[in-house]
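Next comes just one chain, in structure tokens: the form predicted alone.
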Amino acid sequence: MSSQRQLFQKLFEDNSKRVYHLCYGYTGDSDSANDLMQETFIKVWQNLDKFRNQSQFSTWIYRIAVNTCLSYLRTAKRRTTDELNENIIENYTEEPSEKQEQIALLYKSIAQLEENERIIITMVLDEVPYPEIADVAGISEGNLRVKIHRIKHKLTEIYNSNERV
């Protein structure tokens, strides 16, 4: 197996879960999230030789995933994520557990955040190190900590208002 192929395999194993969560946060749909994750890693494979070591691989992959998701949302002209998430929750066939309902409500709440807030909070939930999140977001680590605090507060308010609906 070539070293590039081994590297790609490792990158996929190390990052696919995070990329899926990010994509799911944008789409609210597991099939679309899987498609976008695959599209992201196709782009990673196609551009692996162009990686310039100016950031960590995971940061680079996250940027590709964000751009892939944004492109998808622009070109697909989908209904708003709110409507999509509500339909997914309403059309869920089996009786969801309380935890599943809480997770669905959390993703619905995240979908109501602004784009940069969604990116940051998704990476926090995926336990991406703060320096890496700051790099992806293009802000200082100190500014990031303030933003995370504000995002958590805003997300709590959104979650609680959605819970009452």
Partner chain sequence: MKGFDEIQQLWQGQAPDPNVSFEAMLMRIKGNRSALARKLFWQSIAVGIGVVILLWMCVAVDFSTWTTYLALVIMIGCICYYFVNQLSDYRAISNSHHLLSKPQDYINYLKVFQQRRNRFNTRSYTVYEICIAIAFALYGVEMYFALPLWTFVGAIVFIIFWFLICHFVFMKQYIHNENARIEEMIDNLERIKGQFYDPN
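Everything quoted here is computed from the prediction, not taken from an experiment. Positions refer to the first chain, counted from 1.
Missing here is the form predicted in complex with its partner chain; even so, the following discussion is about that form.
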>> I'd like to know if Q56 sits close to its partner chain in the model of the complex, meaning any non-hydrogen atom pair within 4.5 angstroms.
In response: no
> At the 4.5 Å heavy atom threshold, is S3 in contact with its partner chain in the model of the complex?
Replying inline: no
> Does the 4.5 Å heavy atom contact test between M37 and its partner chain in the model of the complex come out positive?
Replying inline: yes
> Taking 4.5 angstroms as the cut-off for heavy atoms, does Q112 touch its partner chain in the model of the complex?
Replying inline: no
> Which residues from 10-30 come close to its partner chain in the model of the complex, meaning a heavy atom within 4.5 Å?
Replying inline: F12, S16, K17, Y20, H21, Y24, Y26
